[in-house]
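What follows is a single chain, given as structure tokens, in the form predicted alone.
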Amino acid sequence: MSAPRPDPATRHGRSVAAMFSAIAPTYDLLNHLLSLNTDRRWRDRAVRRLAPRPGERFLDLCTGTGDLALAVLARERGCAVVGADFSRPMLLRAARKAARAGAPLPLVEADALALPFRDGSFDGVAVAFGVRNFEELDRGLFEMARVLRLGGRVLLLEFSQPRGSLFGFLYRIYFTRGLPLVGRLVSRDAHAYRYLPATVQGFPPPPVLTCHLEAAGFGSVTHLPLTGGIATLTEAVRIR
């Protein structure tokens, strides 16, 4: 039986989780292949901005196969990182990676809209390529604010739509036509890689995302475009 096919407009949690579980075996390969390994540099940039320090505690939400969480631990072994995701097959792969690296990485199967952590549990929350999949964006942002201590930081690494007429046009052709084709050939799931560009196109642009973050209790919001705007690194501080 094939996995449910999520609608990019509604992003129903169970069907999105089932889709990511189905593509888990080829997820890392396709991420690196389709981005020409640029996704590694984006995560490294995110970790540098997060600047983990000894004794601090971080949540890698929508951790997937654990790449961002492990990058944080590789930079600062004196901090603690918890990875959370709603896809068990993704978490199993993250656990195997952590074991190979000898990294202490607790993993929790959890819904981003109802996190099983106490208020103020973390000094920082990071999400790489997951926020656009939230069924309810505002509810997810409020949950991130809840589990952060006052003054804690949230860092969102997400795909975005590059500006510039020629580059933007060429990238949209690749993103909407080339990416689904390669995704179908490698993962045998064409829908998952049609879903990706659709959710990127529907994700709020930086000024609108800022409003959502401020409503959730964040301030000092900044947006840093990466690689011509293919991705954007958003940072904010919990102020209330």
Ligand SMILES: C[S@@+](CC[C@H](N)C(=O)[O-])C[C@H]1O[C@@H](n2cnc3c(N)ncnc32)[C@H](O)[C@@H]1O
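Model, not experiment: these values are computed from the prediction. Counting begins at 1, following the sequence as shown.
What comes next is about the form predicted in complex with the ligand, which does not appear here.
Taking the partner from the other structure, the ligand in the predicted bound form has no heavy atom within 4.5 Å of any heavy atom of Phe218. Remark: Glu76 does not count among the residues lining the ligand in the predicted bound form, judged by a heavy atom distance of 4.5 Å or less. In the predicted bound form, the ligand sits within 4.5 Å of a heavy atom belonging to Asn31. In the predicted bound form, the ligand stays beyond 4.5 Å of every heavy atom belonging to Ser160.
Against the ligand in the predicted bound form, the set Val16, Tyr27 and Asn133 is in full contact: each member has a heavy atom within 4.5 Å. For the ligand in the predicted bound form, the listed stretch (146 to 154, 116 to 124, 160 to 168, 103 to 111) containing residues with heavy atoms inside 4.5 Å is 103 to 111. If you take 60 to 80 and check each residue for a heavy atom within 4.5 Å of the ligand in the predicted bound form, you get Cys62, Thr63, Gly64, in sequence order.
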